[in-house]
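In structure tokens, one chain follows: the form predicted on its own.
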């Protein structure tokens, strides 16, 4: 029996790794699965795990209010040392590009345990965008044994960086596995504040590189869009004070802007399904939205997920106030353009990433 250690700490990691954890647990005679939660996101990560009926085997509960990258990185890394000593994994899974991802991979490397990187190969090649995520994924890529790339583009990035091709596998995105598994039986949630006669713009925004003036411009654009009588905005506000403070100050008094708490996975999927446009800086939402045929405006200057931009369902708008308003207005006022860009086209996966990853892992262990 092989022991697989999954290290995760944030809501997106929980959503994308949960179907993979459940998949490996279907073979209890072959795999012993240990889930370690760092607590980088506390309440919202537990919400996400509960959707899939998962609870952590180890909960480090390391989150502190207002902690810096220095503090979170050092606390997570040092707390993982006894976890590796106790669990003695044969393979460590990390996902994406968070501080937990970096620390989980580095702790595994220090413990002489191979790393499997889910969603490997995403790149902007700009260490400031997104910060610190781009640096995290590049550093994790240097100490990874199994590069599990979601798309051919991501795999090509790794090959160009000199990663051995026999360590790269194209698997699809496990987040699409999660979405398709839940969408078929997704209930309709009650949103009493929604007006069916208005077009709903669903908004998320939390990226560190947009803090400050970028967030101010972003909120100004939302104020202008909210002045339209045919629009309402739903914004689940991230708890980070660098987000919540400016958002509540700029938008809190507008009648057709609904600032709500961060949502559990299922109600957020329902909001995506009900939306007319999605405005986001979230990588996961960029991947999920096309499955519902929703045009997406991405409030970033560059994206490590260009496939949907190439397909025409996603457009980059950054935090340029005029550009956000302009692109949203086109979608709100031009039915033909809206129809063209809302074609359901998802280049990120087909819902079969988990069995592909299992096959890669089995072949890897057989080769040892």
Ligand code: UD1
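Positions refer to the first chain, counted from 1. Just so we're clear, the structure is a prediction, and the values are computed from it rather than from any experiment.
Here the subject shifts to the form predicted together with the named molecule, a form of this protein not shown in this document.
Not displayed here, the named molecule is kept clear of residue 92 by more than 4.5 Å at the level of heavy atoms in the model of the complex. Using a 4.5 Å cutoff between non-hydrogen atoms, residue 132 counts as a contact of the named molecule in the model of the complex. When contacts are judged by a 4.5 Å heavy atom cut-off, residue 99 counts as touching the named molecule in the model of the complex.
The named molecule in the model of the complex is not approached by residue 346, whose heavy atoms all lie more than 4.5 angstroms from it.
Contact here is defined as any heavy atom lying within 4.5 Å of the named molecule in the model of the complex, and by that definition each of 40, 64 and 207 is a contact residue. When the named molecule is considered in the model of the complex, only one residue from 75, 123, 294, 238 comes within 4.5 Å through any heavy atom, namely 238. Of the listed positions (35, 308, 44, 60), a single one reaches within 4.5 angstroms of the named molecule by any non-hydrogen atom in the model of the complex, namely 44. Judged by heavy atoms within 4.5 Å of the named molecule in the model of the complex, the contact stretch among the candidates 321-329, 308-316, 334-342, 66-74 is 66-74.
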